[in-house]
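In structure tokens, one chain follows: the form predicted alone.
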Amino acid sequence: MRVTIAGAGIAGLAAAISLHEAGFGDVTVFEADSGPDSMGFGLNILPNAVRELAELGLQAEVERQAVRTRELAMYNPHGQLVWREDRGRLAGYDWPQISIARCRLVEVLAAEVRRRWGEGAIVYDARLAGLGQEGGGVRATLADRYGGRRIVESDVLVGADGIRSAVRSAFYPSEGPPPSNGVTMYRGTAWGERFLTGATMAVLGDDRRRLVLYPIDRDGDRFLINWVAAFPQEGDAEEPYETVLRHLGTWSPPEVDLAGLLGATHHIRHYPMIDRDPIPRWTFGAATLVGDAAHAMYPAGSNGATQAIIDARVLACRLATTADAREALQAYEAERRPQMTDLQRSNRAMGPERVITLAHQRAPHGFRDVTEVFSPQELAQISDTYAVTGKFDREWVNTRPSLTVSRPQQRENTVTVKSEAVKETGFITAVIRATEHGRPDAYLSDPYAELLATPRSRMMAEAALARGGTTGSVIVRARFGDVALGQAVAAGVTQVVCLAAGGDTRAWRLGLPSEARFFEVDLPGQLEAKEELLAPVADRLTCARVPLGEDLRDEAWKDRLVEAGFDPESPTVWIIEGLLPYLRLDHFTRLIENVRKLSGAGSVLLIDAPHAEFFRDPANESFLTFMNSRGSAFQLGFDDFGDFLGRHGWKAEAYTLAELAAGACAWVPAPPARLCPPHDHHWVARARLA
């Protein structure tokens, strides 16, 4: 089946990835614009859509430059709290809520489409200029900016081309432009100080105006704050900064200097608040609509991008499980359109934000206690009813059947985890270790790595190696860590913490003593996936393994570790392998400081990192470009790793691969030259508390 997708936004790219995951082999995305979307304003992805990203293996990549939203808090203009509720995992969902820049999400999705389908899978400067159906298929005419035209024939066409959809216009030629409600939205982002929890979505308003603030990225103690101001259009001729201040300058957002935030915003964009009227049909023959093309709605309740992702997943699932494509499209529409129509109408009443309108109507001058204005039951009911309308209530999201469709040729080794189907590419290093273990002259013994070498991770490893990636650093750091861990355990250390544990198999293969506690920390779902793949050798676990699904960028991982039984007063072996290339320096510095604070006397740190020369060596240019293209850019390297660790409280012995090959470390067997090529500039280190 050949599928054509019009639109390379969130809905179209998510549809392409979902179709690939469901086994479709011929999908192309055409985008009218001349390049990727560069809009850096923020959006929210609710847990029901994060679940879908997780099942596509994309959650970790999306979260690299994002913030997990912890709470939604609604205030009147005086800064008095009307209503707050926990969000994401804190609210009992199995998945978080994520705040992220739109361009960042599109970047991740586009990279994944190209990785799965190839560079030609996304075609820019290809505007839909005509649409016809004949012989059971769809015939699309696409035009570029120079007047060139091409004809594309396909079995199915998906209109994912946004609120001004050309596909929708072909279905409804007399519909006209999107209607406005008379409100103008002003948007911007600016770096600022933490406010409230550091991960709060704050919404202020009266019966006509709104101010929304939430962070979408962080850099140490600084947060990139996305803000939206909305109020009735009055033909304002001032600069946007003055207009927003004139309307909202007397408001009191908690812990936020509004004037300062606006002043720090380099570009303020403004446009009318628009949506689309619900329509009676999305599907016409072999063509259908998804995302904003189908159900554009007012920006209330964080449902735009969320529902676009759900559309894509349901569409792929129905096409994969229904024999006739047209019947599949009808089944998709029957499942999604009634629900989205209700949600569109609810958003016209501003969804859960209507509590702010009611608060103003009932107490326009503020209140001493919100219970004078609402009962707790009324507030909760407004929120719960909206969640049920959008089918993102906790019970439904956590328990509904998966939309993932297993491709027959991959059923044998498909990872299925209830909480999150995770990124199998997290096991790429296991492929490298398995290959090494199989050699007659193996430097590393890892008999269980083969169980983690999934088809997808093998494919990714082959692609990376073809672009100049090396295996030596993976093998050498593992052997270095094995020996160092063995020495520490022999000296009496019984507490081990492996951060970003991924495909680490030491708890299974090293025969650690029964009194040892081996804590593994990685993104939610990653460790469960490993457990499932290693189930055949579960009896090889000789120590007490404690898995923790936590994001190391969230400071909460430290508390979770202690809650799980970790003793900060006891000596610990810390293992951090393969993580540093992907971190910014400030993130790594904060991580290493946290590890030091949690370390009792006698603790040992086993860690590796690229040498700065790795980034300067022309031999690595192709590999670095490849990693950047798939959204896993290498960022961090050191000219003197031992010195850096020393300046942060660790007395280190650090070696390059070349130094180890030359026998510089007396307690580790020298690795063979084949594992230490000249361009694999890499550090391994063992450090103790200074």
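All residue numbers are counted from 1 along the displayed sequence. All values derive from a computational prediction rather than experimental measurement.
This protein has a second form, the form predicted in complex with a small molecule, left out of what is shown; the following refers to that one.
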Using heavy atoms and a 4.5 Å limit, would one call P547 a contact residue for the small molecule in the predicted complex?
-> no
Report whether the minimum heavy atom distance between G291 and the small molecule in the predicted complex is within 4.5 Å.
-> yes
Are any of the heavy atoms in A8 no more than 4.5 Å from a heavy atom of the small molecule in the predicted complex?
-> yes
Determine whether any heavy atom of L315 comes within 4.5 Å of a heavy atom of the small molecule in the predicted complex, and answer yes or no.
-> no
Contact residue in the predicted complex, chosen from L131, A516, A110, A305 - any heavy atom within 4.5 Å of the small molecule | A305
One residue of R276, R336, R456, R102 in contact with the small molecule, assessed in the predicted complex (non-hydrogen atom, 4.5 angstroms) | R102
Counting only non-hydrogen atoms, which stretch in 123-131, 239-247, 361-369, 466-474 is within 4.5 Å of the small molecule in the predicted complex?
-> 123-131
